[in-house]
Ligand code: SAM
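Listed next as structure tokens is one chain, alone, in the form predicted alone.
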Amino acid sequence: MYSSKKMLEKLNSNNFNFKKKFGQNFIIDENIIDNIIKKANILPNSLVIEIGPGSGSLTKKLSKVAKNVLGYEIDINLKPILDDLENNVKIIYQDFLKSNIINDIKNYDYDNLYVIANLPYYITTPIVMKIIEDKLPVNKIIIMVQKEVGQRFKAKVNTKDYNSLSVYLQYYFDIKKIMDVSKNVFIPKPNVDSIVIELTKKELLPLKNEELLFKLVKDSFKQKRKTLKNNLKDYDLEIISSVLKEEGLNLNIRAEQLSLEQFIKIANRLD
């Protein structure tokens, strides 16, 4: 049975040193772990990918509810600590960002694929981008991230946190907050609080050209305080203006005033 005391004893007995370069902050509150498992609502015959198992606290609980757990751990020094996990757990000791995930999961038989992780703050966005760009067939992603980052991921139009990344991620996923997590439940204690968010794969909206949409969104937010008229000088402003007019808007608005659906409407008209 899990206990934070046993986890710390095991880390100490293996002379483990936390490494700042890997963003290692391990959860010591079992209630948080149980809550993540409960909220994940993992269906039978599922494969769970865990990024950065650390001391295995979350991994152990995941192995009880998932058919298989595949973990990616960059720190080989955690191998003695993770060696006694259940038979349905496999840990690959390499950088998730450099791994061929599609190849790694091809021999697993599963109905649903989840990514569940307490992510290192410094590589949160690259990890989520890799999941999308590698076209992993995920049903749901549940990740603990820095609060500020999580708020940007799920930000709504016309709010200060809404940016190009919000639009990009919300094109692929429905995003919601599961819970807030205090910095006091980690060892070592980070400088900021965390948030657990759930990204659920959704049906994509009709779009002619993804590349054009994402370039349009990125350019629209290029200088956040400037209007679309200033940020999109290299585009056909007549077309953009006509679409905005249909939406009761004009070129003097800023990017954070446009919803995903409106960006798509503009991109489809420009293509």
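Throughout, we count residues from 1 along the sequence that is shown. Just so we're clear, the structure is a prediction, and the values are computed from it rather than from any experiment.
The discussion below concerns the form predicted in complex with the ligand, not included here.
Visitor: With the distance limit set at 4.5 angstroms and only heavy atoms considered, check whether Asn25, Asp75 and Phe96 all reach the ligand in the predicted complex.
Guide: Yes.
Visitor: Would you kindly say which of Ala66, Leu228, Ile51, Leu216 lies with a heavy atom within 4.5 Å of the ligand in the predicted complex?
Guide: Answer to the contact question: Ile51.
Visitor: Looking at heavy atoms inside 4.5 Å, which stretch does the ligand contact in the predicted complex, given the options 40 to 48, 26 to 34, 219 to 227, 203 to 211?
Guide: Flagged stretch: 26 to 34.
Visitor: Hey, in the predicted complex, does Tyr108 get a heavy atom within 4.5 angstroms of the ligand?
Guide: Although the ligand is absent here, Tyr108 would stay clear of it in the predicted complex, with no heavy atoms inside 4.5 Å.
Visitor: Using the partner position in the predicted complex, report whether Val145 sits within 4.5 Å of the ligand, counting heavy atoms only.
Guide: No, Val145 is distant from the partner.
Visitor: Are any of the heavy atoms in Ile197 no more than 4.5 Å from a heavy atom of the ligand in the predicted complex?
Guide: Outside the cut-off, so no.
Visitor: Should Ser166 be classed as touching the ligand in the predicted complex when contacts are defined as heavy atoms within 4.5 Å?
Guide: Residue-level check for Ser166: no, no contact with the ligand.
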